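What follows is one chain in structure tokens, specifically the form predicted on its own.
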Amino acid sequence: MSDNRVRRVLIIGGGTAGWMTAAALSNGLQGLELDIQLVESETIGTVGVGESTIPHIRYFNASLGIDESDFVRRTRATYKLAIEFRDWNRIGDRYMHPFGAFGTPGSEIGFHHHWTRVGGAHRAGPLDAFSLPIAMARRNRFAPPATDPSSPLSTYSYAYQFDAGLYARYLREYAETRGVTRTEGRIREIELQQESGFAEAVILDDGRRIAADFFIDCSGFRGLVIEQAMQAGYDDWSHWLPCDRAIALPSASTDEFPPYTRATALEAGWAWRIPLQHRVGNGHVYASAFMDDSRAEALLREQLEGEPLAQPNRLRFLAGKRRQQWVRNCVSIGLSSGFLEPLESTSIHLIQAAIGNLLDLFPTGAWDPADTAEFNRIMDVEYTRVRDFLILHYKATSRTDTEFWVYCRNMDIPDSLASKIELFRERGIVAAYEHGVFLEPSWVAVMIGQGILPERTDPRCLAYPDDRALAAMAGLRSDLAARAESMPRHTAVLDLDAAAAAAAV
């Protein structure tokens, strides 16, 4: 291809990744007057289990000008304040990772330092009791956060749990109204220029040829362009994340839609539960080296709270990422760029991060290797940070009831995570990353929730005598519970969204 600017963009594959990309490019790059096409085949199913998100998705939707009530109604979404973890440290344990802070706003000292110094759960009560979003989630309550940073009602955020297939359909409609052209068909071949190795066109099964200047690979695990044609290579992280199978099985809805996702540790992996308005998303992520498929399905069915609504959807994967996610004139987004299990609902976030970086670095003139290198560097950091956070859940366990958990307890971990654990265990300090999606409260929630307690705390805590600190904590716990209790029920908020969306039609 020439050094002229990109005029034709071809997105390979639809699903969540493809249509999020199409929507964002058609909205954010209008000034470039791009011809954006997307090719997908109805005969190729999508993974479609990424129904749970983290708060960043709100900003993606807002950047597109999407009305929240309409989005919630059209995707059958529920709101999400936290992720509950059951049986991860010991069978019978449970804790929540909230989308918000512990304690009150404005303190220079992390709340977990005060909580640890006075004796932790034995004297002050569980750490979960000092988080407003957790208090809300436990009571099935929801309200948007306040904008006043001094208010306890500003100490949290929220995300969504939605039907990924409906979300892709919603964004397809959005993108097509902004000029994106969809082509139905299966890709048979990728044409590469002989000298440069740049992609030039795709050939469909029926012989049609679609040429482009820039290719975005959203073809899923296959990686049609980035791997099969460009041979980007793959970093295998299965030593640290040994789960390599998943079974997804939706079930009938229950009466309540709790505003949180649940992850329950099982014999050789974990099961998810994601409540939507029209069904419950269920799945089991497990390690085939420690459990066979029939046992995995049986354990999943034991978790169901309603009748199954479909046949099980079975997936195979290898935890890791492409060594390069941008090669020549191809960028991979979504499963084609790598796979990290959805334990912390990061799948859609990684799509969003790639799209945001692509918008920042989109080629507007001659091809610059510096753009490619920067994109790959940033995405390497994103994946590595998420990887470390996921490994923490497996490593920080006291379970010895199965070979799988013994393996996880004893496995070597990356130095980047080992040093972070050691610093927290020694001083209660969460080493801040320059980049990374999970901030201090997230690390505190998982470390303390899974038994990593600081041996020393911030010396400034000594200014607060135990009796004074305990009295303040008791008051805070009562205040957060009362605030949560006064909020509307989650189902009532969903009803208001439906009414608002219907009125706007």
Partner chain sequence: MTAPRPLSSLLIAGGGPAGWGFAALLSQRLQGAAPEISVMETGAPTIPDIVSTLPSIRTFHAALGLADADAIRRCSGSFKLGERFEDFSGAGSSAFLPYGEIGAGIGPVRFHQQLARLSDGVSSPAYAEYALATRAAADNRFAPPAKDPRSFLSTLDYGFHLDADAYTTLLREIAVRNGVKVLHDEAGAIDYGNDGRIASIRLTAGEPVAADFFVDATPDGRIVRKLCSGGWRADPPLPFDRVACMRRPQDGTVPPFTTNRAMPAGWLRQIPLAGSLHNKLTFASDYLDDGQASAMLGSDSIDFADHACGFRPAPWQANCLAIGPAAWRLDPLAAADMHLVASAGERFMRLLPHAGSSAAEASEYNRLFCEEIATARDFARLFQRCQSRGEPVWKAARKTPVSNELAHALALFESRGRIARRENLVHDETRWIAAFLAMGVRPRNHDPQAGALGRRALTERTARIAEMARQSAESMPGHDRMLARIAAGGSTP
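Everything numeric here is computed off the predicted structure, so don't read it as measured data. Numbering follows the first chain given and starts at 1.
Below: the form predicted in complex with its partner chain, not depicted.
Screening 311-319, 400-408, 420-428, 139-147 for residues having heavy atoms within 4.5 Å of its partner chain in the predicted bound form returns a single hit, 420-428. Though the partner is left out of this view, A432 does reach within 4.5 Å of its partner chain in the predicted bound form, counting heavy atoms only. For R385, a non-hydrogen atom is located within 4.5 Å of its partner chain in the predicted bound form, even though that partner is not displayed.
Not displayed here, its partner chain is approached by P459 to within 4.5 Å at the level of heavy atoms in the predicted bound form. Residue contact with its partner chain in the predicted bound form: T364 places a heavy atom within 4.5 Å of it.
Only one of the listed residues (E455, D466, D35, D67) places a non-hydrogen atom within 4.5 angstroms of its partner chain in the predicted bound form, and that residue is E455. Listed residues Q161, S345, N329, N357 were compared with its partner chain in the predicted bound form; N357 is the one with a heavy atom within 4.5 Å.
Residues from 64-82 do not approach its partner chain in the predicted bound form: none has a non-hydrogen atom within 4.5 Å of it.
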